[in-house]
Every structure is written in structure tokens, then in C-alpha cells.
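Next comes just one chain, in C-alpha cells: the form predicted alone.
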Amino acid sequence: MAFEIPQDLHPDLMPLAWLLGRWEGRGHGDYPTIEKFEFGQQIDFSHNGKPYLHYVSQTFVVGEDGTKERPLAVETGFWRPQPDNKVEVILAHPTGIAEIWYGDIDGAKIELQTDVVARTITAKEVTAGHRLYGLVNGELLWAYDMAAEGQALQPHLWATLVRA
């Protein structure tokens, strides 16, 4: 699918422009405290002319025929490019977790590390994260490593998405 950079895109967003739009696909999850699982995912990156992207990720259980059966996780936030190919990401989760991520933009690759993970008293203990996003042959590949529930930082989620 052809991608065009919007005319009203803020110039500061050019290093992140390749993320714009809706992405859909399938992913996998694993962690010592849970059973392995597969999921469907939809990610939307949008802009309003200001120097940030709005981000929403929704995951869901999929049936054998690929239909959405029930929701899993949701996260939303803002991606804010900074000088020298740096990026700041602010994410919130309805499970009571808020995160601040810092990272680097290297062409069509973005690597992020948590700076702050805050949680409500009822949220699970998440202490750190590492994310990698990349555009490979027109597909958005991403991976999320997590430190939580007394476990060291390790692979947790990964997916392959295509532009919808």
C-alpha cells in the first residue's frame, strides 16, 4: 500500500512519518508468569499538525478464522520527536500503569527504554521496559521486553503488522 506524507504534517515529525496510519497484524506473548499466547493487534498513529503523534494500540484474542473474539490490552499516548534523532514517548494503560520512554530514531528503526514506570496501588508491578520498532519490507515489526513481578528484563511481546 502506498504511503504519502500528509501536507499538514509538522516538520519535526518527519523522522516518525513512516509510522503514520493504521497497522494491523498478529503477535505472540510469553513470560515466566503466564502461558504463551497469540494475539491480534491494531495500532493507530495519527497527527493533528502539532509536533507529536497520537498513538493507540489495541490487542485482542483472535479465533481460528482470524476474527476478533475479545479485547486484551490497550495503551495510548504521545510520541514526541526531539533534536538529534531522539524521541520521547508517554504511554498510559487502563490497568493503572503510566510510562515515560526515551529513545533513538535511526531511519526506520526506533529503540526505546523506560525512564519512569508509575503505577497505581492495584496495578501489577512493572519496573522496566525496552521496545524496538522497525519498518522491514513494508511491515511494522516490534518487540517489547519487560521486567515485572520480580522477573528480570526479558522478551514479552512481539508482532508483525501491515499498513491497513
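No experiment lies behind these values; they were computed from the predicted model shown. One-based numbering along the sequence shown.
One more form of this protein exists, namely the form predicted together with ligand HEM; it is left out here, but the text below deals with it.
### Query
Where, among 132-140, 44-52, 102-110, 119-127, do residues come within 4.5 Å of ligand HEM in the model of the complex by heavy atom distance?
Heavy atoms within 4.5 Å of ligand HEM in the model of the complex occur in 119-127.
### Message
Given that ligand HEM is not shown alongside this chain, does Val56 nevertheless sit within 4.5 Å of it in the model of the complex, heavy atom to heavy atom?
### Response
Result no; Val56 lies far from ligand HEM in the model of the complex.
### Query
Just to confirm, Glu75 within 4.5 Å of ligand HEM in the model of the complex by heavy atoms?
Yes - in the model of the complex, heavy atoms of Glu75 and ligand HEM come within 4.5 Å of each other.
### Query
Heavy atoms within 4.5 Å of ligand HEM in the model of the complex: does Trp18 have any?
No - in the model of the complex, heavy atoms of Trp18 and ligand HEM never come within 4.5 Å of each other.
#### Entry: in the model of the complex, Val62 touching ligand HEM (heavy atom, 4.5 Å)
Output for Val62 is no: heavy atoms all beyond 4.5 Å of ligand HEM.
### Message
Given a 4.5 Å distance limit between heavy atoms, list every residue of 140-161 close to ligand HEM in the model of the complex, or none if there are none.
### Response
Heavy-atom contacts within 4.5 Å come from Trp142, Tyr144, Met146, Ala148, Glu149, His156, Leu157.
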